[in-house]
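Listed next as C-alpha coordinates: two forms of one protein chain, kept apart as structure 1 and structure 2.
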Structure 1
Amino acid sequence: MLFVHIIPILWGVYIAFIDLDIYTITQWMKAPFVGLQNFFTVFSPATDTGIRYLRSIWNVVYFGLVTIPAGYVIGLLVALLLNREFSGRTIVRGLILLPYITPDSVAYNVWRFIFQARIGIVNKYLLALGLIKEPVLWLVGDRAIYTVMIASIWKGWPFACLILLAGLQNISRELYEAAKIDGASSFQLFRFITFPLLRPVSATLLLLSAIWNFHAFNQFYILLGTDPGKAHVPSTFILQEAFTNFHLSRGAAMSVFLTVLIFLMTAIVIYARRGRERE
(Lines of atoms letter the chains of each structure in order from A and count residues from 1; the text may use other names and numbers.)
(Lines give C-alpha, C1' and ligand atoms only; values in the text may rest on other atoms or scores of the structure.)
Protein backbone atom coordinates (compact mmCIF):
# COMPACT_ATOMS: atom_id res chain seq x y z
CA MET A 1 0.00 0.00 0.00
CA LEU A 2 2.75 2.42 0.98
CA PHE A 3 4.95 1.75 -2.07
CA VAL A 4 2.15 1.06 -4.56
CA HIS A 5 -0.24 3.92 -3.75
CA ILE A 6 0.88 6.48 -1.19
CA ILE A 7 4.47 7.15 -2.28
CA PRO A 8 3.64 7.42 -6.03
CA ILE A 9 0.79 9.81 -5.25
CA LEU A 10 2.95 11.99 -2.99
CA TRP A 11 5.71 11.90 -5.59
CA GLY A 12 3.28 13.02 -8.29
CA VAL A 13 2.01 15.87 -6.13
CA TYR A 14 5.59 16.95 -5.35
CA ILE A 15 6.54 17.01 -9.05
CA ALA A 16 3.54 19.23 -9.76
CA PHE A 17 5.07 21.98 -7.60
CA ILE A 18 8.60 21.94 -9.04
CA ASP A 19 10.01 22.66 -12.49
CA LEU A 20 11.00 19.20 -13.70
CA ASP A 21 11.66 18.63 -17.38
CA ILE A 22 14.16 16.83 -19.63
CA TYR A 23 16.91 19.26 -18.59
CA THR A 24 16.46 18.94 -14.81
CA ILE A 25 15.32 15.31 -14.47
CA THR A 26 18.85 14.01 -13.84
CA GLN A 27 19.12 16.33 -10.84
CA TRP A 28 15.51 16.26 -9.72
CA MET A 29 16.44 17.04 -6.10
CA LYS A 30 17.72 20.44 -7.26
CA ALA A 31 14.73 21.25 -9.49
CA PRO A 32 13.41 24.71 -8.54
CA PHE A 33 10.17 24.99 -6.53
CA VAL A 34 7.63 26.98 -8.57
CA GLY A 35 4.51 26.69 -6.40
CA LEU A 36 1.29 26.83 -8.40
CA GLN A 37 2.95 27.98 -11.62
CA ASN A 38 2.42 24.62 -13.36
CA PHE A 39 -1.30 24.71 -12.49
CA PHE A 40 -1.60 28.27 -13.85
CA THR A 41 0.14 27.16 -17.06
CA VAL A 42 -2.04 24.13 -17.73
CA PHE A 43 -5.27 26.02 -17.00
CA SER A 44 -4.36 29.29 -18.72
CA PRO A 45 -6.15 29.88 -22.05
CA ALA A 46 -3.23 32.19 -22.90
CA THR A 47 -0.78 29.27 -23.27
CA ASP A 48 -0.74 26.54 -25.90
CA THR A 49 -0.61 23.90 -23.17
CA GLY A 50 -3.58 25.50 -21.40
CA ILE A 51 -5.65 25.70 -24.58
CA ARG A 52 -4.98 22.05 -25.43
CA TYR A 53 -5.60 20.81 -21.87
CA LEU A 54 -8.86 22.73 -21.52
CA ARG A 55 -9.92 21.36 -24.90
CA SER A 56 -9.09 17.83 -23.73
CA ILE A 57 -11.27 18.34 -20.64
CA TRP A 58 -14.12 19.54 -22.84
CA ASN A 59 -13.57 16.55 -25.13
CA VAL A 60 -13.89 14.04 -22.29
CA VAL A 61 -17.00 15.82 -20.96
CA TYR A 62 -18.54 15.86 -24.46
CA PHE A 63 -17.50 12.25 -24.94
CA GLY A 64 -19.30 11.30 -21.71
CA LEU A 65 -22.42 13.35 -22.51
CA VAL A 66 -22.86 11.27 -25.67
CA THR A 67 -21.59 7.80 -24.75
CA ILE A 68 -23.01 7.46 -21.23
CA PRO A 69 -26.67 8.23 -22.08
CA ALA A 70 -26.42 6.22 -25.32
CA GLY A 71 -24.98 3.21 -23.50
CA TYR A 72 -27.60 3.54 -20.78
CA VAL A 73 -30.55 3.69 -23.19
CA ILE A 74 -29.31 0.74 -25.28
CA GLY A 75 -28.54 -1.24 -22.12
CA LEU A 76 -31.96 -0.49 -20.65
CA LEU A 77 -33.84 -1.49 -23.81
CA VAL A 78 -31.94 -4.78 -24.08
CA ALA A 79 -32.32 -5.45 -20.34
CA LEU A 80 -36.10 -5.00 -20.62
CA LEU A 81 -36.16 -7.55 -23.44
CA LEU A 82 -33.94 -10.01 -21.59
CA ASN A 83 -36.10 -9.70 -18.49
CA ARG A 84 -38.91 -11.44 -20.37
CA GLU A 85 -39.31 -15.20 -20.51
CA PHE A 86 -38.26 -16.78 -23.83
CA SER A 87 -36.39 -19.88 -24.91
CA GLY A 88 -32.60 -19.48 -25.15
CA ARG A 89 -32.60 -16.49 -22.82
CA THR A 90 -29.52 -17.71 -20.94
CA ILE A 91 -27.52 -18.06 -24.17
CA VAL A 92 -28.57 -14.61 -25.36
CA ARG A 93 -27.58 -13.10 -22.01
CA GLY A 94 -24.14 -14.62 -22.40
CA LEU A 95 -23.75 -13.45 -25.99
CA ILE A 96 -24.51 -9.81 -25.23
CA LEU A 97 -21.51 -9.71 -22.93
CA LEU A 98 -19.10 -10.49 -25.77
CA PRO A 99 -18.30 -6.83 -26.57
CA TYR A 100 -17.69 -6.07 -22.90
CA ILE A 101 -15.41 -9.05 -22.24
CA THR A 102 -13.44 -8.62 -25.46
CA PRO A 103 -10.02 -7.16 -24.59
CA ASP A 104 -9.66 -3.48 -25.43
CA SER A 105 -6.61 -4.17 -27.58
CA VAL A 106 -8.65 -6.53 -29.77
CA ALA A 107 -11.95 -4.63 -29.88
CA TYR A 108 -10.54 -1.20 -30.62
CA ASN A 109 -8.05 -2.51 -33.19
CA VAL A 110 -10.99 -4.10 -35.01
CA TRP A 111 -12.80 -0.77 -34.96
CA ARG A 112 -9.61 0.93 -36.17
CA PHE A 113 -9.59 -1.45 -39.13
CA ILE A 114 -13.31 -0.85 -39.77
CA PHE A 115 -12.77 2.92 -39.97
CA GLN A 116 -9.60 2.83 -42.07
CA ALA A 117 -9.87 5.30 -44.94
CA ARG A 118 -8.78 3.04 -47.81
CA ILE A 119 -9.51 -0.51 -46.67
CA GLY A 120 -12.16 0.03 -43.97
CA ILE A 121 -15.61 -1.45 -44.56
CA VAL A 122 -17.37 1.80 -43.51
CA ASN A 123 -15.96 3.74 -46.47
CA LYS A 124 -16.40 0.72 -48.70
CA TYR A 125 -20.17 0.54 -48.12
CA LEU A 126 -20.68 4.31 -48.10
CA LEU A 127 -18.94 4.53 -51.48
CA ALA A 128 -20.99 1.61 -52.81
CA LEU A 129 -24.21 3.30 -51.70
CA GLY A 130 -23.12 6.58 -53.24
CA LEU A 131 -23.30 8.45 -49.92
CA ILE A 132 -19.70 9.66 -50.25
CA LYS A 133 -17.62 10.34 -53.38
CA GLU A 134 -14.19 9.61 -51.92
CA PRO A 135 -12.82 7.84 -48.80
CA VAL A 136 -13.37 9.77 -45.58
CA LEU A 137 -10.63 10.10 -42.96
CA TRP A 138 -12.56 8.92 -39.91
CA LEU A 139 -9.56 8.61 -37.58
CA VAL A 140 -8.14 12.13 -37.89
CA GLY A 141 -9.48 15.65 -37.54
CA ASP A 142 -12.90 16.64 -36.25
CA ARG A 143 -14.52 13.27 -37.03
CA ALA A 144 -12.07 11.28 -34.88
CA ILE A 145 -13.88 11.78 -31.57
CA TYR A 146 -17.16 10.56 -33.08
CA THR A 147 -15.42 7.42 -34.29
CA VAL A 148 -14.21 6.76 -30.76
CA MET A 149 -17.73 7.40 -29.43
CA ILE A 150 -19.21 4.71 -31.69
CA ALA A 151 -16.60 2.15 -30.68
CA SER A 152 -16.97 3.02 -26.97
CA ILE A 153 -20.75 2.74 -27.00
CA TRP A 154 -20.46 -0.69 -28.65
CA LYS A 155 -17.93 -1.76 -26.04
CA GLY A 156 -19.72 -0.35 -22.99
CA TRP A 157 -23.47 -0.88 -23.34
CA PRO A 158 -23.42 -4.59 -22.25
CA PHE A 159 -22.17 -3.56 -18.80
CA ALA A 160 -25.10 -1.14 -18.41
CA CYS A 161 -27.42 -3.91 -19.57
CA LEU A 162 -26.00 -6.34 -17.01
CA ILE A 163 -26.43 -3.92 -14.10
CA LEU A 164 -29.92 -2.84 -15.13
CA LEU A 165 -31.00 -6.44 -15.68
CA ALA A 166 -29.93 -7.26 -12.13
CA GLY A 167 -31.99 -4.28 -10.94
CA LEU A 168 -35.02 -5.43 -12.93
CA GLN A 169 -34.89 -8.90 -11.41
CA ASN A 170 -35.05 -7.40 -7.92
CA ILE A 171 -38.41 -5.75 -8.64
CA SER A 172 -41.27 -7.77 -7.19
CA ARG A 173 -43.58 -9.38 -9.76
CA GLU A 174 -46.49 -8.78 -7.41
CA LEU A 175 -46.28 -5.05 -8.10
CA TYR A 176 -46.78 -5.66 -11.82
CA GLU A 177 -49.61 -8.13 -11.27
CA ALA A 178 -51.45 -5.73 -8.96
CA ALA A 179 -51.04 -2.88 -11.46
CA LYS A 180 -52.28 -5.04 -14.34
CA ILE A 181 -55.39 -5.91 -12.34
CA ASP A 182 -55.99 -2.15 -12.02
CA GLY A 183 -55.75 -1.85 -15.80
CA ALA A 184 -52.27 -0.34 -16.15
CA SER A 185 -50.78 -0.35 -19.66
CA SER A 186 -47.23 -1.47 -20.47
CA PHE A 187 -46.07 2.15 -20.63
CA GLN A 188 -47.65 2.89 -17.25
CA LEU A 189 -45.97 -0.17 -15.74
CA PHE A 190 -42.63 1.14 -16.94
CA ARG A 191 -43.27 4.74 -15.91
CA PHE A 192 -44.70 4.15 -12.43
CA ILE A 193 -42.99 0.91 -11.36
CA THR A 194 -39.93 -0.05 -13.41
CA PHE A 195 -38.27 3.31 -13.90
CA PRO A 196 -38.72 4.62 -10.32
CA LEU A 197 -37.47 1.37 -8.79
CA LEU A 198 -34.49 1.33 -11.14
CA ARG A 199 -33.53 4.87 -10.15
CA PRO A 200 -31.00 3.94 -7.40
CA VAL A 201 -29.29 1.39 -9.65
CA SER A 202 -29.34 3.85 -12.55
CA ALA A 203 -27.84 6.64 -10.43
CA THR A 204 -24.96 4.44 -9.29
CA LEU A 205 -24.41 3.15 -12.82
CA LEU A 206 -24.34 6.64 -14.33
CA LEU A 207 -22.00 7.99 -11.66
CA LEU A 208 -19.62 5.06 -12.08
CA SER A 209 -19.75 5.56 -15.84
CA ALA A 210 -18.93 9.24 -15.38
CA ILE A 211 -15.90 8.34 -13.24
CA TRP A 212 -14.66 5.79 -15.77
CA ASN A 213 -15.27 8.32 -18.51
CA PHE A 214 -12.54 10.57 -17.10
CA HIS A 215 -10.18 7.56 -17.24
CA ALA A 216 -10.85 7.12 -20.96
CA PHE A 217 -7.55 6.23 -22.58
CA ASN A 218 -7.41 2.85 -24.34
CA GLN A 219 -10.02 3.64 -26.97
CA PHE A 220 -8.41 6.98 -27.90
CA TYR A 221 -4.86 5.61 -27.83
CA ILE A 222 -5.60 2.46 -29.84
CA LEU A 223 -7.94 4.05 -32.38
CA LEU A 224 -6.19 7.38 -32.89
CA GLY A 225 -2.57 6.67 -32.02
CA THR A 226 -0.13 8.59 -29.84
CA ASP A 227 -1.30 12.01 -31.04
CA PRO A 228 -5.11 12.23 -31.36
CA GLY A 229 -4.80 15.94 -32.29
CA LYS A 230 -8.06 17.78 -31.60
CA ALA A 231 -9.50 14.58 -30.08
CA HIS A 232 -7.14 14.55 -27.11
CA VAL A 233 -8.66 13.67 -23.74
CA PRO A 234 -6.85 14.40 -20.44
CA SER A 235 -5.23 10.95 -20.19
CA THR A 236 -3.76 11.02 -23.69
CA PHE A 237 -2.71 14.65 -23.40
CA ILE A 238 -0.96 13.99 -20.07
CA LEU A 239 0.91 11.11 -21.66
CA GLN A 240 2.04 13.28 -24.54
CA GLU A 241 2.94 16.29 -22.41
CA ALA A 242 4.83 14.31 -19.76
CA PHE A 243 6.52 11.52 -21.71
CA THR A 244 6.76 12.82 -25.28
CA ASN A 245 7.41 16.52 -24.64
CA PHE A 246 9.04 15.76 -21.25
CA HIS A 247 7.18 18.53 -19.42
CA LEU A 248 6.94 16.26 -16.41
CA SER A 249 5.77 18.87 -13.92
CA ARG A 250 2.95 20.06 -16.18
CA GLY A 251 1.88 16.46 -16.68
CA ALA A 252 1.92 15.96 -12.92
CA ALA A 253 -0.17 19.12 -12.37
CA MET A 254 -2.76 17.87 -14.85
CA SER A 255 -2.75 14.45 -13.19
CA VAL A 256 -3.25 15.95 -9.74
CA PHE A 257 -6.28 17.89 -10.95
CA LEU A 258 -7.72 14.78 -12.61
CA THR A 259 -7.13 12.73 -9.46
CA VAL A 260 -8.87 15.29 -7.24
CA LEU A 261 -11.80 15.45 -9.65
CA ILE A 262 -12.19 11.66 -9.76
CA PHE A 263 -11.82 11.48 -5.96
CA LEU A 264 -14.71 13.93 -5.53
CA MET A 265 -16.87 11.96 -7.95
CA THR A 266 -16.05 8.73 -6.13
CA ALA A 267 -17.06 10.36 -2.84
CA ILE A 268 -20.41 11.24 -4.41
CA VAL A 269 -20.91 7.60 -5.47
CA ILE A 270 -20.13 6.34 -1.97
CA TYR A 271 -22.40 8.94 -0.38
CA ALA A 272 -25.22 8.07 -2.78
CA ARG A 273 -24.81 4.35 -2.13
CA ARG A 274 -24.93 4.82 1.63
CA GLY A 275 -28.01 6.97 1.23
CA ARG A 276 -29.66 4.18 -0.75
CA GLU A 277 -28.75 1.63 1.92
CA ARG A 278 -30.35 3.80 4.60
CA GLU A 279 -33.62 4.00 2.62
Structure 2
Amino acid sequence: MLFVHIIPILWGVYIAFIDLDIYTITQWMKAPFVGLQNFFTVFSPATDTGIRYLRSIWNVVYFGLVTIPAGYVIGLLVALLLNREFSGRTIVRGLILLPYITPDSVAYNVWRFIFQARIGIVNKYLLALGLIKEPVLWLVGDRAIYTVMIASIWKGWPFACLILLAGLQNISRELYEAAKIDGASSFQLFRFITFPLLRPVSATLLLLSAIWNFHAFNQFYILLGTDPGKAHVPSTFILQEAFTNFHLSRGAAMSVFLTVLIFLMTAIVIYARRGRERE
Protein backbone atom coordinates (compact mmCIF):
# COMPACT_ATOMS: atom_id res chain seq x y z
CA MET A 1 0.00 0.00 0.00
CA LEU A 2 2.80 2.30 0.98
CA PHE A 3 4.78 1.42 -2.09
CA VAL A 4 2.05 1.62 -4.69
CA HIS A 5 0.04 4.54 -3.30
CA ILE A 6 1.84 6.79 -0.88
CA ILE A 7 5.22 6.94 -2.60
CA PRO A 8 3.77 7.79 -6.02
CA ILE A 9 1.69 10.53 -4.42
CA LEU A 10 4.74 12.03 -2.70
CA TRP A 11 6.71 11.74 -5.88
CA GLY A 12 3.90 13.53 -7.69
CA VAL A 13 4.20 16.36 -5.17
CA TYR A 14 7.94 16.59 -5.84
CA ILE A 15 7.37 16.69 -9.61
CA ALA A 16 5.05 19.63 -9.10
CA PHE A 17 7.95 21.68 -7.71
CA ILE A 18 10.45 21.04 -10.51
CA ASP A 19 10.46 21.89 -14.18
CA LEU A 20 9.99 18.66 -16.05
CA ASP A 21 8.70 17.81 -19.48
CA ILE A 22 8.49 14.66 -21.51
CA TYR A 23 11.98 15.15 -23.00
CA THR A 24 13.87 15.55 -19.72
CA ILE A 25 11.96 12.81 -17.94
CA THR A 26 14.87 10.38 -17.60
CA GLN A 27 17.00 13.10 -16.01
CA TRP A 28 14.31 13.98 -13.52
CA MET A 29 16.74 14.29 -10.63
CA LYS A 30 18.66 17.00 -12.45
CA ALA A 31 15.55 18.97 -13.39
CA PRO A 32 15.67 22.51 -12.01
CA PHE A 33 13.77 23.21 -8.81
CA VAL A 34 11.35 26.00 -9.52
CA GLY A 35 9.47 26.26 -6.24
CA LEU A 36 5.92 27.44 -6.58
CA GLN A 37 6.26 28.59 -10.16
CA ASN A 38 4.12 25.78 -11.57
CA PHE A 39 1.41 26.57 -9.08
CA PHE A 40 1.45 30.24 -10.07
CA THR A 41 1.12 29.27 -13.72
CA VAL A 42 -1.82 26.95 -13.23
CA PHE A 43 -3.76 29.38 -11.04
CA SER A 44 -2.91 32.68 -12.58
CA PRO A 45 -5.93 34.13 -14.39
CA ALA A 46 -3.35 35.87 -16.57
CA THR A 47 -2.19 32.72 -18.37
CA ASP A 48 -4.25 30.64 -20.74
CA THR A 49 -3.56 27.48 -18.70
CA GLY A 50 -4.61 29.27 -15.53
CA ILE A 51 -7.91 30.44 -16.97
CA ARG A 52 -8.70 27.01 -18.31
CA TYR A 53 -7.73 25.20 -15.11
CA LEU A 54 -9.80 27.52 -12.94
CA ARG A 55 -12.72 27.01 -15.28
CA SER A 56 -12.29 23.23 -15.13
CA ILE A 57 -12.49 23.40 -11.33
CA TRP A 58 -15.60 25.50 -11.50
CA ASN A 59 -17.05 23.01 -14.01
CA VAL A 60 -16.55 20.03 -11.73
CA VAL A 61 -18.03 21.90 -8.76
CA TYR A 62 -21.04 23.00 -10.82
CA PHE A 63 -21.36 19.48 -12.20
CA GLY A 64 -21.47 18.06 -8.66
CA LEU A 65 -23.91 20.69 -7.42
CA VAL A 66 -26.36 19.49 -10.06
CA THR A 67 -25.74 15.75 -10.35
CA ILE A 68 -25.31 14.87 -6.65
CA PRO A 69 -28.62 16.32 -5.37
CA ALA A 70 -30.44 15.08 -8.48
CA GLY A 71 -29.05 11.57 -8.08
CA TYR A 72 -29.87 11.60 -4.37
CA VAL A 73 -33.47 12.76 -4.80
CA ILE A 74 -34.20 10.31 -7.62
CA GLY A 75 -32.51 7.53 -5.69
CA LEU A 76 -34.53 8.31 -2.56
CA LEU A 77 -37.85 8.48 -4.42
CA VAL A 78 -37.25 5.19 -6.16
CA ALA A 79 -35.98 3.59 -2.94
CA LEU A 80 -39.22 4.61 -1.21
CA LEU A 81 -41.14 3.19 -4.15
CA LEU A 82 -39.30 -0.13 -4.06
CA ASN A 83 -39.40 -0.48 -0.30
CA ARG A 84 -42.91 -1.89 -0.40
CA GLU A 85 -43.85 -5.45 -1.21
CA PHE A 86 -45.02 -6.26 -4.73
CA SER A 87 -44.63 -9.17 -7.07
CA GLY A 88 -41.58 -8.98 -9.27
CA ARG A 89 -39.71 -6.77 -6.84
CA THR A 90 -36.44 -8.67 -7.18
CA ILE A 91 -36.53 -8.36 -10.97
CA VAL A 92 -37.24 -4.62 -10.80
CA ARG A 93 -34.37 -4.15 -8.34
CA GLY A 94 -32.04 -6.03 -10.63
CA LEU A 95 -33.11 -3.93 -13.61
CA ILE A 96 -32.63 -0.57 -11.93
CA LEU A 97 -29.09 -1.60 -11.02
CA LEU A 98 -28.27 -2.00 -14.72
CA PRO A 99 -26.94 1.54 -15.28
CA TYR A 100 -24.69 1.19 -12.27
CA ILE A 101 -23.09 -2.07 -13.39
CA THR A 102 -22.83 -1.24 -17.09
CA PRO A 103 -19.24 -0.29 -17.91
CA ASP A 104 -18.75 3.48 -18.19
CA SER A 105 -17.27 3.08 -21.63
CA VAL A 106 -20.44 1.36 -22.84
CA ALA A 107 -22.96 3.61 -21.13
CA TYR A 108 -21.43 6.92 -22.14
CA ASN A 109 -20.85 5.82 -25.72
CA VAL A 110 -24.52 4.93 -25.97
CA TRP A 111 -25.45 8.36 -24.58
CA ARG A 112 -23.14 9.95 -27.11
CA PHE A 113 -25.11 8.14 -29.81
CA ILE A 114 -28.42 9.26 -28.29
CA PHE A 115 -27.34 12.92 -28.25
CA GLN A 116 -26.06 13.01 -31.83
CA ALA A 117 -27.53 15.97 -33.65
CA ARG A 118 -28.88 14.43 -36.86
CA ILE A 119 -29.15 10.76 -36.02
CA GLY A 120 -29.96 10.83 -32.29
CA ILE A 121 -33.31 10.22 -30.63
CA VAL A 122 -33.18 13.26 -28.34
CA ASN A 123 -33.43 15.67 -31.23
CA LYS A 124 -35.96 13.43 -32.96
CA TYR A 125 -38.45 13.72 -30.09
CA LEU A 126 -37.72 17.35 -29.27
CA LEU A 127 -38.44 18.22 -32.92
CA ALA A 128 -41.56 16.09 -32.96
CA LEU A 129 -42.83 17.85 -29.84
CA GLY A 130 -42.01 21.22 -31.39
CA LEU A 131 -39.68 22.19 -28.54
CA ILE A 132 -36.83 22.97 -30.93
CA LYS A 133 -36.94 24.19 -34.53
CA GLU A 134 -33.75 22.61 -35.83
CA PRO A 135 -31.38 19.87 -34.61
CA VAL A 136 -29.34 20.96 -31.59
CA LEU A 137 -25.62 20.18 -31.32
CA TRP A 138 -25.62 18.79 -27.78
CA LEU A 139 -22.01 17.77 -27.40
CA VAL A 140 -20.17 20.99 -28.15
CA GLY A 141 -19.92 24.44 -26.57
CA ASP A 142 -21.95 25.66 -23.63
CA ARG A 143 -24.53 22.87 -23.76
CA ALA A 144 -22.00 20.05 -23.51
CA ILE A 145 -21.77 20.07 -19.72
CA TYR A 146 -25.56 19.66 -19.35
CA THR A 147 -25.49 16.68 -21.67
CA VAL A 148 -22.81 15.08 -19.52
CA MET A 149 -24.89 15.85 -16.41
CA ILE A 150 -27.91 14.02 -17.80
CA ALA A 151 -25.90 10.95 -18.74
CA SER A 152 -24.14 10.98 -15.34
CA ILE A 153 -27.34 11.25 -13.35
CA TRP A 154 -28.75 8.32 -15.31
CA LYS A 155 -25.63 6.30 -14.56
CA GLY A 156 -25.24 7.38 -10.94
CA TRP A 157 -28.64 7.37 -9.23
CA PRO A 158 -28.97 3.56 -8.90
CA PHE A 159 -26.02 3.57 -6.48
CA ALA A 160 -27.74 6.15 -4.25
CA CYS A 161 -30.93 4.11 -4.52
CA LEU A 162 -29.15 0.91 -3.51
CA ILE A 163 -27.56 2.48 -0.44
CA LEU A 164 -30.76 4.25 0.63
CA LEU A 165 -32.79 1.09 0.15
CA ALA A 166 -30.39 -0.73 2.46
CA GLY A 167 -30.84 2.13 4.92
CA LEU A 168 -34.63 1.94 4.66
CA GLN A 169 -34.62 -1.74 5.39
CA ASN A 170 -32.78 -1.19 8.63
CA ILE A 171 -35.61 0.98 9.96
CA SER A 172 -37.82 -1.06 12.24
CA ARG A 173 -41.43 -1.50 11.13
CA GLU A 174 -42.66 -1.13 14.69
CA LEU A 175 -41.81 2.57 14.59
CA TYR A 176 -44.19 3.08 11.70
CA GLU A 177 -46.94 1.03 13.29
CA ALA A 178 -46.67 2.96 16.52
CA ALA A 179 -46.82 6.27 14.66
CA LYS A 180 -49.78 5.12 12.59
CA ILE A 181 -51.72 4.26 15.74
CA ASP A 182 -51.03 7.79 16.90
CA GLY A 183 -52.62 9.00 13.67
CA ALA A 184 -49.61 10.15 11.66
CA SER A 185 -50.11 10.84 7.94
CA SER A 186 -47.77 9.23 5.44
CA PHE A 187 -45.99 12.55 4.92
CA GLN A 188 -45.47 12.82 8.66
CA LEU A 189 -44.13 9.27 8.73
CA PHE A 190 -41.54 10.29 6.16
CA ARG A 191 -40.75 13.64 7.75
CA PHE A 192 -40.35 12.43 11.34
CA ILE A 193 -39.24 8.81 11.03
CA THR A 194 -37.80 7.87 7.64
CA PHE A 195 -35.82 10.99 6.87
CA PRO A 196 -34.12 11.45 10.28
CA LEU A 197 -33.22 7.77 10.46
CA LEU A 198 -31.73 7.85 6.99
CA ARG A 199 -29.50 10.76 7.96
CA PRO A 200 -26.29 8.81 8.78
CA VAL A 201 -26.54 6.77 5.57
CA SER A 202 -27.30 9.90 3.56
CA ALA A 203 -24.38 11.79 5.05
CA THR A 204 -21.89 9.06 4.10
CA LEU A 205 -23.46 8.71 0.68
CA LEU A 206 -23.27 12.44 -0.04
CA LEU A 207 -19.68 12.67 1.23
CA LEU A 208 -18.63 9.77 -0.99
CA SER A 209 -20.44 11.28 -3.98
CA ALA A 210 -18.75 14.62 -3.36
CA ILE A 211 -15.31 12.97 -3.27
CA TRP A 212 -15.98 10.87 -6.36
CA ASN A 213 -17.34 13.91 -8.15
CA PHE A 214 -13.85 15.42 -8.23
CA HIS A 215 -12.60 12.21 -9.86
CA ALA A 216 -15.02 12.72 -12.78
CA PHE A 217 -13.28 11.73 -15.97
CA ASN A 218 -14.91 8.96 -17.97
CA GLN A 219 -18.17 10.73 -18.73
CA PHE A 220 -16.42 13.87 -19.99
CA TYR A 221 -13.74 12.03 -21.92
CA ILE A 222 -16.09 9.59 -23.62
CA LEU A 223 -19.00 11.93 -24.38
CA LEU A 224 -16.97 14.96 -25.39
CA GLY A 225 -13.72 13.48 -26.69
CA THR A 226 -10.09 14.29 -25.89
CA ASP A 227 -10.72 18.03 -25.91
CA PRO A 228 -13.98 18.96 -24.19
CA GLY A 229 -13.16 22.66 -24.75
CA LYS A 230 -15.24 24.77 -22.39
CA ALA A 231 -16.48 21.70 -20.55
CA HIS A 232 -13.10 20.51 -19.27
CA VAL A 233 -12.93 19.08 -15.76
CA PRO A 234 -9.61 18.83 -13.86
CA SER A 235 -8.97 15.20 -14.84
CA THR A 236 -9.47 15.75 -18.56
CA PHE A 237 -7.54 19.00 -18.47
CA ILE A 238 -4.58 17.52 -16.59
CA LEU A 239 -4.49 14.61 -19.03
CA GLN A 240 -4.35 17.06 -21.91
CA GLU A 241 -1.72 19.32 -20.32
CA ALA A 242 0.55 16.45 -19.28
CA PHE A 243 0.26 14.06 -22.19
CA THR A 244 -0.83 16.13 -25.20
CA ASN A 245 1.01 19.37 -24.41
CA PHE A 246 3.76 17.55 -22.44
CA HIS A 247 3.77 19.87 -19.40
CA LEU A 248 4.26 17.08 -16.87
CA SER A 249 5.13 19.37 -13.95
CA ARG A 250 2.15 21.62 -14.53
CA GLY A 251 -0.04 18.54 -14.65
CA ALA A 252 1.46 17.37 -11.37
CA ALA A 253 0.86 20.78 -9.77
CA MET A 254 -2.78 20.65 -10.83
CA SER A 255 -3.13 17.10 -9.48
CA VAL A 256 -1.62 18.10 -6.15
CA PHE A 257 -4.06 20.97 -5.83
CA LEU A 258 -7.00 18.70 -6.67
CA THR A 259 -5.92 16.18 -4.03
CA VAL A 260 -5.50 18.88 -1.40
CA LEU A 261 -8.94 20.25 -2.28
CA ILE A 262 -10.55 16.83 -1.77
CA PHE A 263 -8.76 16.31 1.54
CA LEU A 264 -9.73 19.73 2.86
CA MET A 265 -13.33 19.20 1.89
CA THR A 266 -13.46 15.78 3.54
CA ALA A 267 -11.76 17.06 6.67
CA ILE A 268 -14.23 19.93 6.99
CA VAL A 269 -17.22 17.61 6.55
CA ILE A 270 -15.94 15.05 9.07
CA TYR A 271 -15.02 17.76 11.56
CA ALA A 272 -18.45 19.39 11.23
CA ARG A 273 -20.17 16.05 11.74
CA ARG A 274 -18.14 15.27 14.85
CA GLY A 275 -18.98 18.68 16.24
CA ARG A 276 -22.66 18.02 15.77
CA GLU A 277 -22.49 14.58 17.33
CA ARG A 278 -20.96 16.06 20.46
CA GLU A 279 -23.77 18.56 20.97
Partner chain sequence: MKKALKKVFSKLFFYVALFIVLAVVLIPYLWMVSGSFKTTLEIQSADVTKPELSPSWIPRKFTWENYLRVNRTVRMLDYFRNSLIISIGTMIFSVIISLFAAYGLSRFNFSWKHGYTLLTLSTQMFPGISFLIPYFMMFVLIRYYLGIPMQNTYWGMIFTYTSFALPFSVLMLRNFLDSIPREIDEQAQIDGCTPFGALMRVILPLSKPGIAAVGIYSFIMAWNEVLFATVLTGRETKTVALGLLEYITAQQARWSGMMAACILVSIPVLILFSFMQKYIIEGLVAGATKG
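In this text, rigid core is short for the largest set of C-alphas that superpose within 1.5 Å between two forms. When a residue number appears, read it as a position in the sequence of structure 1, where counting begins at 1. Predicted model, so just to flag it, every value in this text is computed and none were measured.
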TODO: Eyeball the pair and call it: which is the form predicted alone?
DONE: 1
- [ ] Could you check whether the CA atom of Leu129 moves 2 Å or more between the two structures, using the rigid core for the fit?
- [x] yes
- [ ] Report, to one decimal in Å, how far the Cα of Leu264 moves between the two structures once the rigid core is superposed.
- [x] 3.6
